[in-house]
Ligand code: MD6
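Only one chain is given next, in structure tokens, and it is the form predicted alone.
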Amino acid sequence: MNDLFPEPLPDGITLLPRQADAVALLPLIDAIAAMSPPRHLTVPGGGSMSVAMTNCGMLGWVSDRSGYRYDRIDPLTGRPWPAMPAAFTELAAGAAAQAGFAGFMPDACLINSYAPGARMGLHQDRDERDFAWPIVSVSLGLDAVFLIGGTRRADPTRALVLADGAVLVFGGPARRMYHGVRPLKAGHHPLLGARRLNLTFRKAG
């Protein structure tokens, strides 16, 4: 299945290669970024994330010294987050249904922008209210190495390459697994240049 992850994926994780089209999605992402610019969020310890982030939908994920949370207002602009495009909702709902999670309707989309060297440390997605719904993750641009661990931070991890257009759905027994992204390697994508964009869809409220 994958050079770094040849064995079957853990229960609850589905990889859908070439499911997303950067040509169709990038203009929508650029329009969202024009209204709510990507920024490097401060984490509770005082540092800043290497990944630049913005959101769209009814809720957006934010972080500062007071902690992690979802909010209806973009703290940078003081306005509600941009509406989620219908194409985003259709992509996320369709991928979730293929993975066995029919009825998924996201109310939050986190848009992460990776430059070479940017990474995402091991973490659990646990700020959402209902863990019965999956996370739907869309990869665009440069390849990324996604790490899948266990339900404890100290559990060993396995690596999975996420190429341009890949959609990863994780829910059920995988919903509370620790996961992250290794530092992005330099490269060039014909449309995004030296970038990776990652859309993660959640039912947060």
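Model, not experiment: these values are computed from the prediction. Throughout, we count residues from 1 along the sequence that is shown.
Although not depicted, the form predicted together with the ligand is the subject of the following passage.
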Test of understanding: in the model of the complex, would Asp125 fall inside 4.5 Å of the ligand by heavy atoms? yes
Quick check on Val181: any heavy atom within 4.5 Å of the ligand in the model of the complex? yes
Classify Phe170 as contacting or not contacting the ligand in the model of the complex by the rule of any non-hydrogen atom within 4.5 angstroms, answering yes or no. yes
In the model of the complex, is there a heavy atom of the ligand that lies within 4.5 Å of any heavy atom of Ile135, even though the partner is absent here? yes
Counting only non-hydrogen atoms, choose the one of 110 to 118, 83 to 91, 69 to 77, 96 to 104 that falls within 4.5 Å of the ligand in the model of the complex. 110 to 118
Residues within 4.5 Å of the ligand in the model of the complex, restricted to 38 to 62 and counted by heavy atom: none
